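Alright, two takes on the same chain below, each alone as structure tokens: structure 1 and structure 2.
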Structure 1
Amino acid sequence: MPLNILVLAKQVIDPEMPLSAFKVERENRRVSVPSTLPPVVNGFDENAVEAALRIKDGQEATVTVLSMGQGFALEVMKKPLSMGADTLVLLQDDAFLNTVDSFAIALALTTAIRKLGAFDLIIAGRQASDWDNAQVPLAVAEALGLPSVTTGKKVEVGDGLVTVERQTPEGAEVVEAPLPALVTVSNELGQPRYPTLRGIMAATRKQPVIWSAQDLGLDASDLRPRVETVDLYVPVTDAECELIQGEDEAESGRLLALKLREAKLI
């Protein structure tokens, strides 16, 4: 039996776009970018695709990519197919517009995973570059009752186990978990492979499976956010610089100490 791998991937605003194009609509509590700037696949999720394909390189396996959103750019979301993934499933519905609540996203993804059927391994990026919550993969693992291993930089599968070398602040550690399991990976895994011309041509011939909220049996009440965004704005910073000068270095130091004491910093 081939190994069945599912990769969670997200379409995000290009983090390399010019800062001048980044706009926060405070009244609508959302971020907007010009339509001329195309989105990209989240960078950590490309690492997840690469991790799945490395496993596929070494043994018989199928790789399915699952994404949730609204207004997908197919030429962007087909990149995992051109890298070597087998199937692309898109959860696309106006009900998902501006859905940033991790619980609602995890619910939709979990429902789709159950509809797709059993998977041996789910791989996701450690976090998305738009909101940086790093919550959705772990919520999916919890909902499916799967063991989870985070921030992997090397993922191997064999004998019913997934072996993950994890990146930690102190260095690295190796963790094993029984399959099925969920693993998140980080950029320490290495550079994702570039799509080949053959892969790009094959991807153009593949059509994604597209499911709406109704196809998943979900409605607006199911996707109601548990966390409410009450405000979204660019913080204003204000800094002042005061030069402390004395007759000599010792005098300047004494005056600086007095200023710091007045500010209750020392």
Structure 2
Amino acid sequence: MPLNILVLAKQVIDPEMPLSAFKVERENRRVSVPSTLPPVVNGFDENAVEAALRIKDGQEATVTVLSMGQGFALEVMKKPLSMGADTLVLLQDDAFLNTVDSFAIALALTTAIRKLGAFDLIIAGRQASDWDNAQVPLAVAEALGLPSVTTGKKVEVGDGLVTVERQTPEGAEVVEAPLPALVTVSNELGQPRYPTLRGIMAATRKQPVIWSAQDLGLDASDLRPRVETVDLYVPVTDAECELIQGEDEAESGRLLALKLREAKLI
């Protein structure tokens, strides 16, 4: 039996965009960027795809990518397919307008996961770079009654167990959990692979499975947010920077040291 791996991936606005493009619409309590700036697959979710593909490199496995959103840039969301994932499932509906509420997202994902049937391992990103919640995967694990391990940098599967090396503030730890389980991964996992030409060709031919809220038996009242945004604004920084400038750069360095001494900081 091939291993059945599910990857949770979110479409987000590009966190590397120039700040000048980032607009906070305070009255609508939302962020907008010009339509010329394409969204991306959340960075940690590309790490999640990579983690799944590394497992698939070593044993028979299928990788299904699952995403929930109001609308998708298909060419962006197909990137995991071109990296080597097998199937893309998009939960797309106008009712999914609140893609910042972890509860609503987790409910839609959980319902879809049940509908997809049996799987062995769910891999997600540690957090989505829009609201930095780090919450959806744990809510999914709780709803499905799965053991969970977060911030993995190495994920291995064998003998009905998943073994995860995870980053901690003190170093690392290795933990294991029986399958089925949920694991989130972080950038320490390493660079996601680049799509190959063959992968890109294969991805072009593949069509995503698209499910609406109705297909999942959910309506707007099920998806009512548990956390409501009452204000959204750009924080102000009031730092006043004193530039230290000498005759040349070496002297600037010297003056900086003297300045810190004078300010009793060292």
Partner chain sequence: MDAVDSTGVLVLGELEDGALASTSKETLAAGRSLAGGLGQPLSLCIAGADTDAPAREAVAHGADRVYTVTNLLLAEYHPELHLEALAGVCHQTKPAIALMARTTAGRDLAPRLAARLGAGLAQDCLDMSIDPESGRMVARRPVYGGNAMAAVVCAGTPQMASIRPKAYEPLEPDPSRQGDVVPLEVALDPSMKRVRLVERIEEESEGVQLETAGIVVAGGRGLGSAAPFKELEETARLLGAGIGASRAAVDAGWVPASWQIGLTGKTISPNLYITVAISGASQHMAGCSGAKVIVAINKDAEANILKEARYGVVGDWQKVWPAFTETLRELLG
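Numbering runs along the sequence of structure 1, starting at 1. As the structure is a computational prediction, the values presented were derived from the model and not from experiment.
Two forms of the same chain are shown on their own. Structure 1 is the form predicted alone. The hinge between the rigid parts that move between structure 1 and structure 2 is at 238; the other choices in 221, 35, 171, 238 are more than 12 positions from any hinge.
Think of the chain as two rigid blocks: between structure 1 and structure 2, the small block swings through 57° with respect to the big one.
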